[in-house]
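The chain below stands alone and is given as structure tokens, in the form predicted on its own.
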Amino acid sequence: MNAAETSLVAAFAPPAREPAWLGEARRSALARFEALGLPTARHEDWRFTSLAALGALPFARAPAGDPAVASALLARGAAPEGPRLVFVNGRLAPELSTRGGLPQGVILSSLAEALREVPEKVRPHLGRLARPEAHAFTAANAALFEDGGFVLLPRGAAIDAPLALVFVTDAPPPAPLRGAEEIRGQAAAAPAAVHPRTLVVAEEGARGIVEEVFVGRGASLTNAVTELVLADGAKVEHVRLQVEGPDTFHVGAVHAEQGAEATLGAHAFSLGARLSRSELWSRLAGEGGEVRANGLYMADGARISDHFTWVEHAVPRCTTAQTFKGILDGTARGVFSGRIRVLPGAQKTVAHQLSSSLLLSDDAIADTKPQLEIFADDVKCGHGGTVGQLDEASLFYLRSRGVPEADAKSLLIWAFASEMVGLVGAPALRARAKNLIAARLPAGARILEAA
């Protein structure tokens, strides 16, 4: 076992007074993680993304975080308004959370609270979709999570205000260079690991918006798992916004299952972290279901941003539309690997994938791997991928009109990225994503003023 695997296993300490069935599930998941180990380049779904840097680090359980630091991190533009739960280093921070004004029957709570107060709503679903058998990070999360979010949208409910789950990691700075013994007069601490777990259950005909925000600083690993259960006719928009610091590692997996006529809009914005991996695993189990999966990633320096999707059409007359875009600078690497499986009998399936990458330097790398596995004959499926640089003709046109070069490049980058922002349905979330993306452009402030 490498340093990360050994330290994560050593950090295993089951919480007191949790249900026996959950304790047994933890032990089983831990054994599975020990058997699997971290993925390597020999794993087909990971062959473009090396975990060598992560595997060399000895992680420790995250210490108690400072709510004041968490509040300052959120104030940089990632803080959602309205109903929200804030978790600092994996633990609920009540003083930063607000959940008033929720309609009757809607539950927004920590997972630990839900296990105590409404276990009958949690047990049928927790761990059913995100199974640890074949996924090392999912197994580690199932064994080691301390808390997370639980959202219940009851039958027929219609919630317009986004329900937010905010995960803040406040970790020590990176270890010093070899030969140095202390940072700020204290011995360097081990990188922190947190394993947030989220369960969202939308009952028949329910409609709502759920947002997950990940903010952090220092040397850390965030290993997040989310399960989305959509009953017949449910409509859920799920927005995942990752803006962690440049020394963090982030692995996040969303596992979804949809009933008949259920619609899932899944948006993933990966704007931070040294290494970021965002996964979507979705199964269309009822006729007439629809998945709209969209993603935007921005990476510079030597960062890596990886998006992976796997959508299974198990029944007829379902639709999938996937659109992912990446903006890469420096020696950054971006990865999109998407797979759509159409099982036998899933006739009248409509499924499309599109991946586009914009390279801002000659050393940036984009890997695109769209995949279709079709075992039915009456379907409409297709995929495509493009990799390119800024259009020189458009850049020349803007420069010839007196637009400074930095502004001209920012405008073209914004034009490329704004499509993904526009796909978010909730106005408040769309505006916040727009602000965070524009903040990463040299002329972002002027673009926002003109918009």
Partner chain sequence: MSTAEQLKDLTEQKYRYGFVTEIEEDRIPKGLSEEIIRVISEKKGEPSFMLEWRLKAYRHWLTMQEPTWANVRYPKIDYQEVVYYSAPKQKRALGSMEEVDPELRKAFGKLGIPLEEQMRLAGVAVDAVFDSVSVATTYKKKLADLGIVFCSFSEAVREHPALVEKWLGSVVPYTDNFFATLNSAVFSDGSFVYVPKGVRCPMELSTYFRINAKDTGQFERTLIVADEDAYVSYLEGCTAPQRDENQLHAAVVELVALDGAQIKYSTVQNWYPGDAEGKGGIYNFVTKRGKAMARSKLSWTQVETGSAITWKYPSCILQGDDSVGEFYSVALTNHRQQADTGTKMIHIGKNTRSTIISKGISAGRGQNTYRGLVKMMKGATGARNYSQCDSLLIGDRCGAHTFPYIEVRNPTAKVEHEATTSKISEDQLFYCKQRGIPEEDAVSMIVNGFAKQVLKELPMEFAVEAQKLLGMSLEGSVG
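Nothing here was measured: the structure is a model prediction, and the numbers come from that model. Residue numbers count along the first chain shown, from 1.
Below, we turn to the form predicted in complex with the partner chain, even though it does not appear here.
Between 45-53, 398-406, 23-31, 418-426, the stretch whose residues reach within 4.5 angstroms of the partner chain in the predicted bound form through a non-hydrogen atom is 45-53. With respect to the partner chain in the predicted bound form, the three residues 88, 94 and 125 uniformly fall beyond 4.5 angstroms at the level of their nearest heavy atom. Although the partner is absent here, residue 368 is a contact residue: one of its heavy atoms lies within 4.5 angstroms of the partner chain in the predicted bound form. Shown alone here, residue 394 lies farther than 4.5 Å from the partner chain in the predicted bound form, counting heavy atoms only.
Under a 4.5 angstroms non-hydrogen atom cutoff, the partner chain in the predicted bound form lacks residue 240 among its neighbouring residues. The shortest heavy atom separation between residue 247 and the partner chain in the predicted bound form exceeds 4.5 Å. Of the residues 160, 378, 81, 133, just one reaches the partner chain in the predicted bound form with a heavy atom at 4.5 Å or closer; this is 378. For the residues 333, 283, 235, 197, the 4.5 Å heavy atom test against the partner chain in the predicted bound form is passed only by 333. Residues are counted as partner-facing when one of their heavy atoms sits within 4.5 Å of the partner chain in the predicted bound form; in 339-373 these are 339, 347, 359, 361, 362, 363, 364, 365, 366, 367, 368, 369, 370, 371, 372, 373, in sequence order.
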